[in-house]
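Next up is one chain by itself, shown in structure tokens, the form predicted alone.
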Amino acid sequence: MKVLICGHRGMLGTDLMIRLGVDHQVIGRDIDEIDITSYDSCEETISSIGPDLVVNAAAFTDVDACESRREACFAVNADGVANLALVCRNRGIKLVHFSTDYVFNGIKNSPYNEDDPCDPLNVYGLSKLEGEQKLQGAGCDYLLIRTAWMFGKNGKNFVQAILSKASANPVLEVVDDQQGCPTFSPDLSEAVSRLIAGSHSGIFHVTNSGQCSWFEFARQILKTAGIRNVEVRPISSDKLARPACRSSYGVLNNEKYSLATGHTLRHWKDALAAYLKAVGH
């Protein structure tokens, strides 16, 4: 197929270009080439390329900045999705889009299924939920993938932040009251490839296997990187006083994906080791 990837220079977009490029003709467009907040820009780009499939990896992902930049956040994460979905509907093209565990409130305390009720706690989550709703309401064929805690070589991420802080600080304080699923972007890209190959539609949760707190994640990062002279101390989220509220539990249930594809993503600790090796740690 001819596949258009919007946001192809981002963390996920870069890995999607690599993985989907093995089996398909992939064409990337980023923020300087397509403005997804403009219907006309989406229409012009998609009509000129004529893709068989559109993958939207573009998003406003700075969770705290979304609190003060609500309009810009919704323009990309909600209106932009609607624009792509409407153009895809009109042209009979399937749209692959990505969402987040932030659409849930964390009260469940057991892994979230695809059909669990959504109740975001912050502006970012609200914008992503509205994007989901506009995608589902547009009438196009869609594949909606919710993921979480993503890290990869081609963008800012938690692993990089911990390694950077560890190089300058003997003690790190990391929250231990938020549980989630770290996800390695190349592994997510492999999952996307499998879902596309199987012509799957609807909502799927996709993360690496296992779960942890940010505190446990940080300790494992240092352990795997062989950094022994830095202490990681657990703190509560309220000590950070960040603009955006975070849920205490965002673990996603991947069973639907595994049943559909016969594939299970490796444990996040193994994915972390692969990432560190790839970046030279």
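All figures in this text were calculated on a predicted structure; none of them were measured in a lab. One rule holds for the numbers: they count along the sequence shown, beginning at 1.
The form predicted together with a small molecule exists for this protein as well; it is not shown, and the discussion that follows is about that form.
Out of the listed residues 138, 76, 93, 166, 76 is the one that sits within 4.5 Å of the small molecule in the model of the complex by at least one heavy atom. Note on contacts: among 220, 213, 37, 45, the single residue with a heavy atom within 4.5 Å of the small molecule in the model of the complex is 37. Taking non-hydrogen atoms only, residue 98 approaches the small molecule to within 4.5 angstroms in the model of the complex. Although the partner is absent from this view, residue 19 stays clear of the small molecule in the model of the complex, with no non-hydrogen atom inside 4.5 angstroms.
Remark: residue 147 counts among the residues lining the small molecule in the model of the complex, judged by a heavy atom distance of 4.5 Å or less. Shown alone here, residue 269 lies farther than 4.5 Å from the small molecule in the model of the complex, counting heavy atoms only. Residues with any non-hydrogen atom within 4.5 angstroms of the small molecule in the model of the complex fall in just one of 23 to 31, 227 to 235, 47 to 55, 241 to 249: 23 to 31.
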